[in-house]
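Next up: a single chain in structure tokens, the form predicted on its own.
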């Protein structure tokens, strides 16, 4: 049994209450860790430490902050295997995926923002010999970062890195479902960062998360997670005039025209549907295929999905591991049953998988493809966040744009066509914050990341993140 600690003022400490919650290995369905059940006292201690450290950290200078963050990069890379195994144990994802994607990306997040802050520039405006205006950007103080369970260290560092690089001090909460790698990161940072610069407080969203969001001395909240939780956070934080960045849910369309690069589109559609058990906010869960190639694509797609291996996350041949938790597994089952009631036909999958031996109580689900659903039914409107996709034919461009935009969400889309004019037209008309054309999850960390409609408020990534974690001040100098 592993007992996790909070990281406050440079030290690993138990929760003030002495209470813990269970951490479950979803691949085996067994408790393997004790996670601090923190409360307002722990958050207050973290805020006090962050306040005390803010002046020295914010005045340290970009180059010295860069040097600290690059030491974290080195430590993450040195501990790649340990962190990848911990991520798999906590989340259920395959070890190969954590090794190739999650942990390297966590390292890249620190590396990118450590470097970006060295090149972060402000604006100047000359008023024709009357005055000169220039913009100062200063860190905003103690900020709160709350991250989700699906890409635990990947998205945790996506928030922490720009906040620290910009000169803020941080009170952060990882998901209580997948806190292990955040704890391992705190062990790394305890050896590198000055006390109080980064504080990691574990616990439940309704208790620890609320304490962070509502704390009057935390000036900004960066949150990634469900839309309902985002609404709750906004109701608390908005009247307090906190800066808010909310990256929320998605119900992303994959649009495949009949002039696509067929084999590339087919292969990528499988990957974009079922990578990380479909538990990525950017996964395409609604696949629309032009009628001319629909039957062939459906047949080929279903065949490739049937070939996906699901099982022990430690084995490289398994493309999918376990669903993150029993309640989430039950949610996925609920939506598959709902799809049947709404007239959907299960082309493959649709059931739990019962493994043998030590994994017999794990949370596994078949990759599932559903046909025959109306584009505006509940199954096609509500976020499932699992290995379940619908597939639907369409005739014309305007028709599929209507289908794609029918959702209340607007996070991402991927479009497949070799017609450059069509690619530009469709990308402009689809109401999502990100559109990939003839690719998926091809990420440049310099680009703005975020969604429209119920998929969130604000943007992360590149200069957008550094602007969020700073306050702009205009200085006007009148010329004599």
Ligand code: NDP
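Quantities reported herein were computed from a predicted structural model and do not represent experimental measurements. Numbering follows the first chain given and starts at 1.
FYI, the form predicted together with the named molecule isn't displayed, but the following is about it.
Within 4.5 Å of the named molecule in the predicted bound form, a heavy atom is found for not a single one of 5, 10 and 72. For the options 213, 103, 289, 322, the one in contact with the named molecule in the predicted bound form, meaning a heavy atom within 4.5 Å, is 213. Checking 343, 141, 195, 226 for any heavy atom within 4.5 Å of the named molecule in the predicted bound form turns up a single hit: 226. Across the options 203 to 211, 183 to 191, 313 to 321, 292 to 300, residues that bring heavy atoms within 4.5 Å of the named molecule in the predicted bound form belong to 203 to 211. For the chain shown alone, residue 161 is not a contact residue for the named molecule in the predicted bound form, no non-hydrogen atom being within 4.5 angstroms. Contact annotation: residue 269 falls outside 4.5 Å of the named molecule in the predicted bound form, judged by heavy atom distances. In the predicted bound form, the named molecule stays beyond 4.5 Å of every heavy atom belonging to residue 87. Using a 4.5 angstroms limit between non-hydrogen atoms, residue 176 touches the named molecule in the predicted bound form.
Interface residues of 135 to 153, taken as those with a heavy atom within 4.5 Å of the named molecule in the predicted bound form (partner not displayed): 146, 147, 148, 149, 150, in sequence order.
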